[in-house]
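What follows is a single chain, given as structure tokens, in the form predicted alone.
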Amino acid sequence: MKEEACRVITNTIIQGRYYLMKLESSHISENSKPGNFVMVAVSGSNDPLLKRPFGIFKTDPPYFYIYYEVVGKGSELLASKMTGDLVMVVGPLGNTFPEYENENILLVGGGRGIAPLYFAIEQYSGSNNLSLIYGARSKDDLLFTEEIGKFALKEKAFYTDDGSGFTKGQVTTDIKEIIERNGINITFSCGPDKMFESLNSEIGSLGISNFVSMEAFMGCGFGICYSCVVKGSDGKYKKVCSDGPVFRMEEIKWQI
């Protein structure tokens, strides 16, 4: 982990309010693995003061990519960055999805949660049998499906809450059938907490290994400020930034 000024190579509108930013950093691009994140200073001043966390979407040394949605002041400032601009970035931070070989792994993504999973597909598809479930509110929120289609996945299932563009449903709609059909023994997932709660209810007792990459508001990104704590199943609190963001599903106390 280190802080450095990273040059913006491109900052592309993918669709609507969604952007993909390409940044230059040999250190971050060469040392990142699926699940890692970075803290980005969206402004050159102290307004806003805090950096923002972003999961690493993919790497292509000396470049790395972050995928983000414009939802407030911070992300609006990030969207205004132009080619050649410098932004201060700390990373890579956090832990990662575990590395396996010759396993049947199901990736489950909700909305912007596709970011670390896309990275995992790139990194792990050559040594494992991967399947994917990817869901979002509508077709306008379900991006990169064409790019994902180029990977050699055993099965791909896309869902939208409103049924636009893809199958109407949620990531849990057919998950048990997909797990059985593909002999899944491990899952990696990333998305909102409500999605994790539903996943835990559906597959938490199946006897397979489930790993979740959690999203949280962060002030520092490395365990000092305690702004990103979640309650563990043992009653103790865990810091998403430094204890995670990847946890075994059973480590977290899920609310239904």
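Since the structure is predicted, the reported quantities are computational estimates derived from the model, not experimental observations. Residue indices: 1-based, along the sequence shown.
We do not show the form predicted in complex with a small molecule, though everything after this point is about it.
Based on heavy atom distances of at most 4.5 Å to the small molecule in the predicted bound form, which listed stretch, 149-157, 131-139, 177-185, 109-117, is the contact stretch?
That would be 109-117.
Any chance all of Met214, Met218 and Pro245 sit within 4.5 Å of the small molecule in the predicted bound form, going by non-hydrogen atoms?
Looking in the predicted bound form, the three residues Met214, Met218 and Pro245 all sit within 4.5 Å of the small molecule (heavy atoms).
Although the partner isn't part of this model, could you tell me whether Phe37 comes within 4.5 Å of the small molecule in the predicted bound form, counting any heavy atom of the residue?
Yes, Phe37 lies within 4.5 Å of the small molecule in the predicted bound form.
Using a 4.5 angstroms cut-off on non-hydrogen atoms, would Gly126 count as touching the small molecule in the predicted bound form?
Because no heavy atom of Gly126 falls inside 4.5 Å of the small molecule in the predicted bound form, the answer is no.
Is His27 close to the small molecule in the predicted bound form, meaning a heavy atom pair under 4.5 Å apart or at it?
No, His27 is distant from the partner.
Heavy atom to heavy atom, is Val230 within 4.5 Å of the small molecule in the predicted bound form?
Val230 lies outside the contact set for the small molecule.
Asn104, Gln170, Thr96, Ser75: which sits within 4.5 Å of the small molecule in the predicted bound form by any heavy atom?
In short, Ser75.
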